[in-house]
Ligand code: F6P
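One chain follows as structure tokens, the form predicted alone.
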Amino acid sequence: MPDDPRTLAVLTSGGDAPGMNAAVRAVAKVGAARGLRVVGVEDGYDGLIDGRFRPLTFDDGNGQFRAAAEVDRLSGLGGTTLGSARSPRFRTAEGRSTAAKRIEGMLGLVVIGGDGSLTGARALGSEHGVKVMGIPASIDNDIGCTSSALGVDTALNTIVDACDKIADTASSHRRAFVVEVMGRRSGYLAMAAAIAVGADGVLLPEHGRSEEAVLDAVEQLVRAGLGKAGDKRRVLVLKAEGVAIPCTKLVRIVEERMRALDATIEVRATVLGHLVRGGAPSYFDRMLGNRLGLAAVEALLAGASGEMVAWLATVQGGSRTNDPSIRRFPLDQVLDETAALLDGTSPVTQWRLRLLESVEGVLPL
């Protein structure tokens, strides 16, 4: 690409999340309106190293830029049309140096992704002076300083819909179901969905329980609900994938224990897996992608760099934007708060767990 301070690049990286495309659309549309040439980087940092750029705007011949036709259709599409890929090459100093040279002289780079993606953005800025602005995108909602990230709302709607349908069939046959959802290091999806669907219990990695403790807790819950003294038609337990025991193993052992008590009790497992990542983004994720994209472009045009735009900030500080719901935070602070969210020392994580425990009828197993 040319050494052009009126060119802006945008990439998506890490796990895909509904709303990423809406953010890409906003960056392209806002950029064009501000007189910028906008290019999309294909396949994340790997594509940046290779210089694989896709034009998202075009010169209309009158010195003005307009968004390409494909851009108008992006908001309603799930996943990321720019693509995402792991990049072992980017983890090397040589790889980052090559990536930085590809966008040398540009206005900047907008990075849409989670903590790994934002870590890469920070490295480009600190090591090579690249002007970067991050947009949080992670269905696990495990990024610091922001109340929500792109994809969270859509993922929760998908889980709620699936659990409602599972509850129907569970009640018909008087069964227990353990439903596993994504959340390798953060149990936010399981926790929030458990409250929304009225689950009987939820298993979170934040509790750090042993395998035997998890088994005992689920057994007791099923026994209380479906045993001889129980009066429930179904028992529903949500499990985050970060809870160490595999879902199928958990269900097999609990059912074996229950069969010794009552041969009619059945326990089933459903692993939603990558189903949770997919689908058209919800209204909220489309709105969030557009507003964060606008804030990111305006921040770079104002000379800001090395930051992330955050929705309804969860911590004090940061810089104001033209959007009262969005503030900018340095990437160093974002990544420190992300680490605290995941190790449980963040007040935000502690508040989430207290909130769960205060909701009657949902047992944090």
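Just so we're clear, the structure is a prediction, and the values are computed from it rather than from any experiment. We number the residues from 1 along the sequence you see.
Unshown form predicted in complex with this ligand; subsequent notes refer to it.
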Does this ligand come within 4.5 Å of any heavy atom of I139 in the model of the complex?
-> yes
Do G183 and this ligand come within 4.5 Å of each other in the model of the complex, heavy atoms counted?
-> yes
Contact label in the model of the complex: E241 to this ligand, heavy atom within 4.5 Å | yes
If you check in the model of the complex, is H274 within 4.5 Å of this ligand, heavy atoms only?
-> yes
Which single stretch, out of 126-134, 284-292, 175-183, 195-203, brings residue heavy atoms within 4.5 Å of this ligand in the model of the complex?
-> 175-183
Position in contact with this ligand when the complex is considered in the model of the complex, options R268, H207, R259, R86, heavy atoms within 4.5 Å = R86
What residues in 101-117 sit within 4.5 Å of this ligand in the model of the complex, counting heavy atoms only?
-> none
